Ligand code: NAP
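First, one chain by itself in C-alpha cells, the form predicted on its own.
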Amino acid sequence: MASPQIYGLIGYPVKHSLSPAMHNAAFGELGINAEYRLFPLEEEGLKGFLENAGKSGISGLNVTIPYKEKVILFLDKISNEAGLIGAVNTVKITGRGLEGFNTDGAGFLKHLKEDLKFHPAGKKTALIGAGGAAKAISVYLSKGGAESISIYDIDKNRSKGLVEDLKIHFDNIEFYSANSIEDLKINECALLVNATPVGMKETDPSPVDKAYLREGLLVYDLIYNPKETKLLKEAKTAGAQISNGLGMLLYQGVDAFEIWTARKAPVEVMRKALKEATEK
C-alpha cells in the first residue's frame, strides 16, 4: 500500500489541538490515504522544517500560535487574502513550492452568522489581541460591515500597527487602538473577542473584569480547550451569550481541507469528530 500523504499542524504548543480528530475523520470518510499529525516546533526549527517539508512527504500544513505571521517569510507564494490579513494559517505544498492561505477569518465569520446567528453589520465590536488570528478576525468583521472595531494588545505597537493597516483597506469603519481593557468600552459593544492565549492554562485569570460582562453581549473566546475558559464562565454568569473557538476551528478546517484536497469537505463528519474529541 502506498504511504499516506501527510498533513499536520505546526506551532508551539500544539498538543491540545483537536485538528487531527477532525481531519483524520474527513480523510477516512472520503477514503483518502492521508494522515494528519501534530508538529510541535520551537522557533529555531521553523525555517528548516518548512524548507524540508516537501521532501518529507508533507502535502499541507495548518499554522497556529505563534507562527501565523512569521511563516510568511518562508513561503514561495501567498494568496491575496493572506496578504491582506498579513497572516497564514494554511499551507499547501506541491512541486511548485509552498503556498500560504488564510481561512481563519472566513471560518470565524461563518460560525458567527450560521451557528450563532450573530451578524456584525452595524455593530460595535472589541478585540483582545492583535496577532495572526486577531488580524484575520478584524478583516472579516470589517468585511461584515461592523460599525467599529476597538483593539487592545499588551504590545501597544502591535495594536496600533493593526489599526493603521485596517484603515488603509476599510475607510467606512471606525477603528480604535485601546490603551487598556477598560479603554475598549466593552459596555457599548455587541461582540467581545478574546484572540489571545490567556485562558489556555487552568491558572490563567480572565483577561476582562467581570464588571464589563452583561446580557446582550456575545463573548467569543478563540480558545476551545478548555471548553470554557474563566472568561466564558464569568460571561455566562453575567447573562452574556458565549462561544468558544470550536466553530471557528471547524469552518477554517473545512476550507483548509478543500484547499489541500480539492474535494468537498464532509462538514458534518468533521463537526461530529470535534464534538467527540471535546468529550473525551
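This one's a predicted model, so the numbers in the text were calculated from it and none came from an experiment. A residue's number is simply how far along the shown sequence it sits, counting from 1.
From this point on, the text means the form predicted together with the named molecule, which you will not see here.
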item	value
The named molecule: the contacting residue among 141, 130, 87, 192 in the predicted bound form [heavy atom, 4.5 Å]	130
The single option of 154, 168, 73, 121 touching the named molecule in the predicted bound form, heavy atom within 4.5 Å	154
Contact stretch among 197-205, 141-149, 169-177, 78-86 - heavy atom within 4.5 Å of the named molecule in the predicted bound form	197-205
Partner contact for residue 67 in the predicted bound form: the named molecule, 4.5 angstroms, heavy atom	no
Heavy atom of residue 223 within 4.5 Å of the named molecule in the predicted bound form	yes
Non-hydrogen atom contact residue 219 with the named molecule in the predicted bound form at 4.5 angstroms	no
Partner proximity in the predicted bound form: residue 160 to the named molecule, non-hydrogen atom cutoff 4.5 Å	no
Contacts with the named molecule in the predicted bound form, stretch 90-113 (heavy atom within 4.5 Å)	104
